[in-house]
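Single chain ahead, written as structure tokens, the form predicted on its own.
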């Protein structure tokens, strides 16, 4: 078991849906506190952890954002002892029937997602694509009992426990984006014996799955000179072996496109090659689908970079990733940070760094 595995398992065992990140935030804060000089929360609930530079006076700053929120479900109605539901974030309704869940009401209640069978539906609706209108959560409680503990707006998280596979693979309900939280933790642990020339902000953002508001407000508050979004991307698998996916367990991805600064793309590519780290270039012609989209246009603009960790089965209760890729992402970030000198901004954006 690697050093990061116990922490990652704890992250994948905790709820923390978008807008309700409190439980997982506490776990992250406890882990990060010994690794940084200062830790606080934004008004929206994003976790801000500062590792101060050893340089006196004014120094540049870097913000690394990894969102801690996850997709899940929310109660829309209580009807005849069943909970009607809809999605928090981009949940594929096809994978929901039969899933074990936890309803977070006045107390935590286990439940099962189920659907109205085809044979009980009007004939014109049988064999139709599954929709949330046919889904509900059964807790075994009757209407009166449910109304004591659950109300409209209570969130429902996946109850699938994490699974460790051979060859360093791990699966769980929120590797998007707890994998990146773990990678950012690896980075902080790698940095603990270094005197840094830049201030480094490790930020676990809220609400990425719905609005990017955590990244937008945190980057506005911190105003870093450079920002990096650390997130997951689509891994290759059955039916998904095209140019839009990347090998899992074969390294990280480095973003290239309008959402990232070309100078930073070049630097990360160079560093990866120097340390013989496998990587793939990830084209982002429009946007990256990450916190980078919000950070890039904060205030008068923040130069951005996006690092990806390939995962399979995104936005399901059994997302799968390679622990080696998670470790690689953290070490690549640490190598970049330790290479930063106080005058690095001038060299990076003058073109001399490449």
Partner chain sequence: MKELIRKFTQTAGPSGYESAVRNVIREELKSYASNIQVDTLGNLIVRVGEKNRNGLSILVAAHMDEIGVIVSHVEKNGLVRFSNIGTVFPRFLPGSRVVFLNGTRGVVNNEKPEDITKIPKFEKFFIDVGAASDKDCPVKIGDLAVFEGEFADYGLNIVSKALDNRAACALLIETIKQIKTTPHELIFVFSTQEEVGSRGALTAAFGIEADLGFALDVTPASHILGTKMQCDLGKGPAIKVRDVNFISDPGVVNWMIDGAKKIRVPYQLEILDVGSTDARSIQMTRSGIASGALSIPCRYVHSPSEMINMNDYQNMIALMVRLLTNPVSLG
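Bear in mind the structure is a predicted one, so any value in this text is a computation, not a measurement. Residue numbers count along the first chain shown, from 1.
Form predicted in complex with the partner chain: not shown, discussed below.
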item: Triple contact flag 43, 86 and 207 to the partner chain in the predicted bound form, non-hydrogen atom at 4.5 angstroms; value: yes
item: Residue 241: touches the partner chain in the predicted bound form, heavy atom cutoff 4.5 angstroms; value: no
item: Exercise: residue 220 in contact with the partner chain in the predicted bound form, heavy atom 4.5 Å; value: yes
item: 4.5 Å heavy atom contact, residue 98 and the partner chain in the predicted bound form; value: no
item: Non-hydrogen atom contact residue 121 with the partner chain in the predicted bound form at 4.5 angstroms; value: no
item: Partner-proximal stretch of 227-235, 108-116, 167-175, 152-160 relative to the partner chain in the predicted bound form, 4.5 angstroms, heavy atom; value: 152-160
item: Selected contact from 256, 263, 75, 102, since only one has a non-hydrogen atom within 4.5 angstroms of the partner chain in the predicted bound form; value: 75
item: Candidate from 271, 191, 216, 91 lying within 4.5 Å of the partner chain in the predicted bound form - any heavy atom; value: 216
